[in-house]
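Next come structure tokens for two forms of one protein chain, structure 1 first, structure 2 second.
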Structure 1
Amino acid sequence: MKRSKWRAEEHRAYLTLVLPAILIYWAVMAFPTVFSVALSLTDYNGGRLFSSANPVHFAGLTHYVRMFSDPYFWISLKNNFYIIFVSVFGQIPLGFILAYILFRKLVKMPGFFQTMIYLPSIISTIVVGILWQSFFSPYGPFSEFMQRFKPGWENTLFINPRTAMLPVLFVVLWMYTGTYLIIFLANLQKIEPHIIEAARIDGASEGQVLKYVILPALSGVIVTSAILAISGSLQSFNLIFAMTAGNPARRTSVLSLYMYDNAFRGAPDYPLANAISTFMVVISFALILVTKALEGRFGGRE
């Protein structure tokens, strides 16, 4: 008798504790994601839903076909790949090397250098974007420096579609390397110090310690970081929005900006925007599967 009363209270308490979070999260994230996939398969483009005056028709994969045949989709996807490339082959190796230098105390004042490298990721993205846009613009220091080396040099960085992406990629590297430094440093500090000391006493060189002690201990974190860098790069929006807004002629656009442009700039094209975001969700989930597979192989993220 008492037992069942206990169970009933546990049940009530469970609902009280869990329901508020569930309701808000499902309303704001879970449902909209499903809703977006559903909308991408229809011709709904604004106005009231479920009213007879505004009937919604099933459109199949038409919008996906439109998306894949849009040159701007491919430009955006290509730029996403550039950002992924810089993240995986720039931020992560640099972050690792810097973390290693600080961890092994190869310099004086490691705390100061850590702050200096991490500081850029603390500043609001919007400020970073506008600051660097000014920095690389014709009135910024970059032009001044170049003109001192090469008189008459004309700054066309942001006007020339072929170079406009370079400053963006540089800032991506500048801003996020510190985050990986912090992640790697935190994991390096989990390695037992006397394992390294012992290896050194046994005559292992700095390089051998790195190769046989440190890299194996960090392989899981490196793999997870790479996956996170890829999924973060796929979502990059804020920095580019603030820095170039996709210009010139949408040559610095990325998938999320391409989606935003179709939904909120000019005449809205919600079906296409939803198709793009569905494409992004699919890639995201493919990445989760890859992470899981690699985690199994490399032994977790710790």
Structure 2
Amino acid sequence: MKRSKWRAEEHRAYLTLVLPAILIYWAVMAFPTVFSVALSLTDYNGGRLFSSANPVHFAGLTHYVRMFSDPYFWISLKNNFYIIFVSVFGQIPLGFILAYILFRKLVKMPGFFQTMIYLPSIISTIVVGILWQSFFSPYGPFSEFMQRFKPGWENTLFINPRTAMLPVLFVVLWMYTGTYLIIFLANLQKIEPHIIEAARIDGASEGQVLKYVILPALSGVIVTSAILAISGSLQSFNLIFAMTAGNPARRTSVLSLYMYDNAFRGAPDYPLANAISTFMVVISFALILVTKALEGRFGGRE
């Protein structure tokens, strides 16, 4: 009897502690997600949802078909993949290399370099976007710098659809590399120094220590960083909105900006915007599953 009473008390305490978090999660995350998916399957065009004057009808996959047939969707998706590529194969390797240099004390004043590299990550994204937009503008410092080497050079970076994404990708690389520097540096400091010293005593070179000691110890961290990079790359709205607003002719648009344009610019198309957001969630999960599969394939561990 006492045992069953103790279990009931434990169950009640568990519910008391967990229930608030579950309710908040459902209210803030789960319900809006489910509601967004449901709305993408209707013909809702604004106004009250449950009104006899403006009834909402089931539209099936109509808006998904429209989305996939829109050329601007494919431009936005391509740009998102560019950002994912730069994040996974640019920010993470560069962040690791810089963290390894600081960890092994291969440069003087490591604290100064750590602060300078991480600093862009804590500056407001809007501020960063406006600053770099001014830097790369036709009358900005970048144009003056290039004209010193090539007089008469015209800056068409933001005008030419083929080059408009290059400044954005550069800023993405510059801004968030410091985040992965901190992640890798923190985990490098968790590796026991005597393991590295033992490897060096046994005759291992710097490259062999890196390959056989440090990288295996950080394999799980690398996978976690890749997941963060993928999920963050699909949310790159603020920076692009401040730098280019999707111009010229939406050639620098990404999925989040494409969704914003359909929801809040011109005549709102809420079902299409929700279809885009649903697709973003699906593709994010798909890329994360691929990353986890690669982790299992190559033996990633925390």
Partner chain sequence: MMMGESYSKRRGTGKREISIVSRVLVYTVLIAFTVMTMYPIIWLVLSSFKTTQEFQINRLGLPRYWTLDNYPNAWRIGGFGGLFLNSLFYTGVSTAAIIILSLAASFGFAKLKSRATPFLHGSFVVGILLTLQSIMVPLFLMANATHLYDTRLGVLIPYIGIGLPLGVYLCTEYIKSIPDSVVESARIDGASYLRIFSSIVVPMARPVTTTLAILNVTSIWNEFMLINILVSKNSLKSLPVGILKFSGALSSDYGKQFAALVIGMLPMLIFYLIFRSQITKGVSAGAVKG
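Throughout, residue numbering runs from 1 along the sequence of structure 1. Take the two forms, superpose them, and find the largest set of C-alpha atoms that agree within 1.5 Å; that set is the rigid core. Computed from a prediction, not measured in an experiment: that's the story for all the values here.
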### Message
Looking for the form predicted together with its partner chain among these two structures; is it 1 or 2?
### Response
1
### Task
If you could, name the hinge position out of I276, I214, L181, A229 for the rigid-part rotation between the two structures?
I276
### Angle through which the smaller rigid unit swings between the two structures, given in whole degrees
11
### Query
After fitting the core, how far does the CA of E9 move between the two structures, in Å?
8.0
